[in-house]
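Next comes just one chain, in C-alpha cells: the form predicted alone.
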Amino acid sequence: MSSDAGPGGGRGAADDRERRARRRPDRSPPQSDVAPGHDQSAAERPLPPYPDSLGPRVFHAAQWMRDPVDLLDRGGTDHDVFRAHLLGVGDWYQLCHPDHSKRVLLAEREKFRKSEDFGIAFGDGLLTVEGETWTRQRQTLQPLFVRESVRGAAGTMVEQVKRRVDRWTDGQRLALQSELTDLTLDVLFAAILGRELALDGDEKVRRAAEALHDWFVPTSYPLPQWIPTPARRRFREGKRTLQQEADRLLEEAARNPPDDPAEADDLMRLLAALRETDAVDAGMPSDEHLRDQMVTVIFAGHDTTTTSLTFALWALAEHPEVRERFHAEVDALDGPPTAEDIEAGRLEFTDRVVTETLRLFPPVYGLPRVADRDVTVDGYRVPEGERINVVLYRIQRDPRFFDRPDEFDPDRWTDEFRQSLHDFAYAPFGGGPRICIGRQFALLEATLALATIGRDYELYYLGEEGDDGGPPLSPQMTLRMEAGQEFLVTER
C-alpha cells in the first residue's frame, strides 16, 4: 500500500476531483426570464437541480442505501446546492459551501430546526430539544464541559486508555473499530458517568451503546417510520437497556447527592442533584428527561472519538513519514501524556494529526435540519418544511479551501492557514451556539489516547483499501470504518 495515497485516492483521484471542481457551473444565482426591474419572489425562484452525476432520481434512494457519502460527494463536486430524492423521505436539499454552514448554524439559525427523527430517537436530550429548553439544558450541563473540568479528567482518560491497551500483545490482530469503541466507552463511563466498566464485562451496556446507531442506518433511514426494520428494533432494545442503566446509576447517585447541582463532579451526580432539588428550571425535571439526557451523552460522547482514533491510526499506518514524526514527538515526553503536555505544545504534531483526521473523516459528515420557512440559497428556493443537509464531508474536501484536499497532510495546519481559512470550511463539531458541548472533551481524549497508544505500539493496516484508495467506509449516523477491518499490533 502506497504511503502517498491519501484518503479518497492517490494523486490521480485528487487531480480528477480538482479538474471537476474547476468545471463546476457558475456560482452566481440562476437567472430567470423576468422583466428588468422585476423583484423576483421566492416562489418564482427555481428549485435546486438533481445532479446529472446521480442519474435518474428514481435511483437516488438505492445509491443512498448503498453509500450515502459517495452520493453526497458526487453531487457536491458539481453543485453547491442540489437535491437528492429518497423514497419515503422525498427531496433532500444538500448544501455544500461553508457560507451555507454559517447561515444554518449561526447567522440565520432561527430559520432551520432539527428534524423529528432526533426527537424520536433521543427524546428530550440536549441533542434534540430547541429554543428555551435547549438553553436551560445547555447551561445546566455546561459546567461538566468547561475547560477546567475537562482538563481535570485528563488523568482518568489516560488511565482508562492504558488499562485497555496494556493488554495488547506483539503480533496481535485487532478489529480496531470494535476495540476502540470499547476503549472510548471505558473513558466516557469513568470520566463522565462516574462508574468503571469491566474490561471483559458489561457486554449488555456495550451492545446497547452500539445499537444507538441503528436508527439512522442508510438501509432503514429512507423508509417510513412505521416499518419495524431489524435495525430499528435493535435501536429500541438498546435504548431501553441504557434507560434502565440510567435508572440504576441515578438511584446510586441519589443515595448521596450533592446539596448543590453545581458541586457535582460527574453527570449522574448532577442529574441526581437536579432531581433531588426539584430544579424545574433546568429543563430536565422528570426521570424520563434525565434518562434521555444520559442516552444522548452516551451516543454523542463516545462514537465521535472512536471514529477519530480509528481513522487517525489508519492514516498513521499508511503514511510512514507522518508516523515517524508522530512517534518521535510522543517518545520525547517525560512519561504518559498529560493535559500540560498539550498546553505546552509538546504534542503539537499529534494535535495536527487529529485535526487533519477530523477534516478528512468528520464523524458527523452531514448536519440535517428542516427549513422552518421558505428560504433562498444561492438563488435556489428551498420550500418550508423540506429537509436540508449541510454536507460537512464535501465542504472539508473542497479544493477551493484546501490544496490537495484528498491527501492526508497534517502540515497544512499552520497558524497562517488557520487564520486564512473560512470560519465554517472546517467545522467537524458544528458551529454557532449549538457547537458540540463535548468538543473539548473529545479533542483532549483523542490527543491523549493517540499519544498513549503511540508511545508503546505501532499499528499496521491489514485490510483492503476502498475503491477510491482510502479506507472502506460504513456511513451510519456517524462516519465509520467498515466493521471487521484488522490492524496488526507491533510493540515498540
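Computed from a predicted structure; not experimentally measured. All residue numbers refer to positions in the sequence shown, first residue = 1.
Heads up, the form predicted in complex with ligand HEM isn't pictured, but that's what we're talking about next.
> Within 4.5 Å, heavy atoms only: does Ala442 come near ligand HEM in the predicted bound form?
Heavy-atom contact with ligand HEM at 4.5 Å: present for Ala442.
> At the 4.5 Å heavy atom threshold, is Leu459 in contact with ligand HEM in the predicted bound form?
No.
> Would Pro68 sit within 4.5 Å of ligand HEM in the predicted bound form, counting heavy atoms only?
Flag for Pro68 set to no.
> Given that the partner is absent here, does Arg45 sit within 4.5 Å of ligand HEM in the predicted bound form, heavy atoms only?
No.
> Can you work out which of Pro363, Gly238, Pro405, Pro98 has a heavy atom no more than 4.5 Å from ligand HEM in the predicted bound form?
Contact check passes for Pro363.
> Among the candidate residues Gln94, Gln177, Thr350, Thr304, which is the single one with a non-hydrogen atom no more than 4.5 Å from ligand HEM in the predicted bound form?
By the 4.5 Å criterion, the partner-contacting residue is Thr304.
> Check, residue by residue, if Ser308, Arg369 and Pro428 all come within 4.5 Å of ligand HEM in the predicted bound form, counting heavy atoms only.
Spot residues vs ligand HEM: full contact, yes.
> For the chain seen here without its partner, which of 462 to 470, 52 to 60, 449 to 457, 434 to 442 has a heavy atom within 4.5 Å of ligand HEM in the predicted bound form?
Looking at the partner contacts, the answer comes out as 434 to 442.
> Mind listing which residues of 156 to 190 have a heavy atom within 4.5 Å of ligand HEM in the predicted bound form?
Result: Leu188 alone.
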